[in-house]
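Have a look below at one chain only, the form predicted alone, in structure tokens format.
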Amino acid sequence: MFGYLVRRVLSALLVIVCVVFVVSAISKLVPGDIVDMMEAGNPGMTEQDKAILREQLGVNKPVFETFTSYLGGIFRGDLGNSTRLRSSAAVLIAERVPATLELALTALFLALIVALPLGILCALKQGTAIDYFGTIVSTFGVAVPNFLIGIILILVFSVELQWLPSTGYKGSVVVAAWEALKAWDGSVLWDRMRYILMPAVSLAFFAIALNTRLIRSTMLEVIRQDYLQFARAKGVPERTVYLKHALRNALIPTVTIVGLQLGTLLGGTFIIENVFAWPGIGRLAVQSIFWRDYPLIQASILVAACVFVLINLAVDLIYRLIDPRIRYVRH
């Protein structure tokens, strides 16, 4: 197990190094830079002024020099400075990571509490109205993009019904839950939750659709296995057969998808955060692209890559907890 972890950490570092190199190369291929955008707001800038500014900002360095310099800074904990906001990229991202993580985890939680029971019911009630309802939900969730779902929710619940705010962020729901518990006042929690509900539902809809179909198909496959028939023959109650034996084995492929979906949800926040003006890393990354703020773009992509790598490692470790038969041995 230790050897496996060492190999995975080394491979993760290699992936991150490759990501840094690709981002450094791509940033040089994009036409224009931050100096060109600064010139638009300062018509009096001369070519000499632009050359001096490019030298100061380091945007005229060759690709390999930019790559090695940035990689060295990463190992020192320096992700560069934003050329637009004149602040540390690491600080700017750290300020927005909690909001993005809270949105993605809330969406994943909503996806699981809806998809898990719905997928199990669709498998146990195959061919019934419940199964057809699950199929409709899955098809709709896969076919409709999350930003369109977000716009529909805004039109219905913000514009027409005026139940929920269309944009904004008033702080962490977790912190609000603790404050509401101490004050025994549910209005404190609801005041924060009403801002996260529509973004989280918009983000979770695709995951709900995918997980529902996956759980249904894996449950149908597992409940036909001989060992479950043997358990029934021994007189094991049906609830125990389904929840203890069938569901545990059916969750193995689901854990893979759910783990990867967390990374996908974090990527999906790049769009949803802009639809709902959510102050997370996704909105910051999109703004940095418009600003041609290369250090901030690189830092955002690097953080996203690190999250994906950590999620993949966590999924492999969870495998071992769910199914002790899985071993990590080199053949």
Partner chain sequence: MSATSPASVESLDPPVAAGRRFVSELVRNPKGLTGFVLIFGVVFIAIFAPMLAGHDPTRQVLEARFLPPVFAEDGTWGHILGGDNLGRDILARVLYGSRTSILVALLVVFNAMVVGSILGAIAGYFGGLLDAVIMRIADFQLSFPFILVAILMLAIVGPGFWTMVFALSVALWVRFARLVRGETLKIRELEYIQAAKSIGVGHVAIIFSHVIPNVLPTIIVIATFDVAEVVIAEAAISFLGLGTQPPTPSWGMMISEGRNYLFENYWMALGPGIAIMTTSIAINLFGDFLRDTYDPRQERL
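The structure displayed is predicted, hence computed values, not measured ones. In this text, rigid core is short for the largest set of C-alphas that superpose within 1.5 Å between two forms. Numbering follows the first chain given and starts at 1.
We do not show the form predicted in complex with its partner chain, though everything after this point is about it.
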With a cut-off of 4.5 Å between heavy atoms, is Phe140 one of the residues that contacts its partner chain in the predicted complex? yes
So in the predicted complex, does Gly267 come within 4.5 Å of its partner chain, heavy atom to heavy atom? yes
Hey, in the predicted complex, does Phe147 get a heavy atom within 4.5 angstroms of its partner chain? yes
Consider Pro279 of the chain shown here, and say whether it contacts its partner chain in the predicted complex, taking contact as heavy atoms within 4.5 Å. no
Heavy atom within 4.5 Å of its partner chain in the predicted complex: which of Val174, Ala94, Leu243, Ile151? Ile151
Choose from 256 to 264, 117 to 125, 70 to 78, 103 to 111 the stretch whose residues reach within 4.5 Å of its partner chain in the predicted complex, heavy atoms counted. 256 to 264
So which bits of 262 to 294 sit within 4.5 Å of its partner chain in the predicted complex, heavy atoms only? Gly263, Gly267, Phe270, Ile271, Asn274, Val275, Val286, Ile289, Phe290, Arg292, Tyr294
Hey, does Asp226 budge by 2 Å or more at the Cα between the shown form and the other one once the core is superposed? no
Displaced residue check between the shown form and the other one: Ile271, CA, 2 Å or over, core reference: no
Core-superposed comparison between the shown form and the other one, Val159 Cα displacement 2 Å or beyond: yes
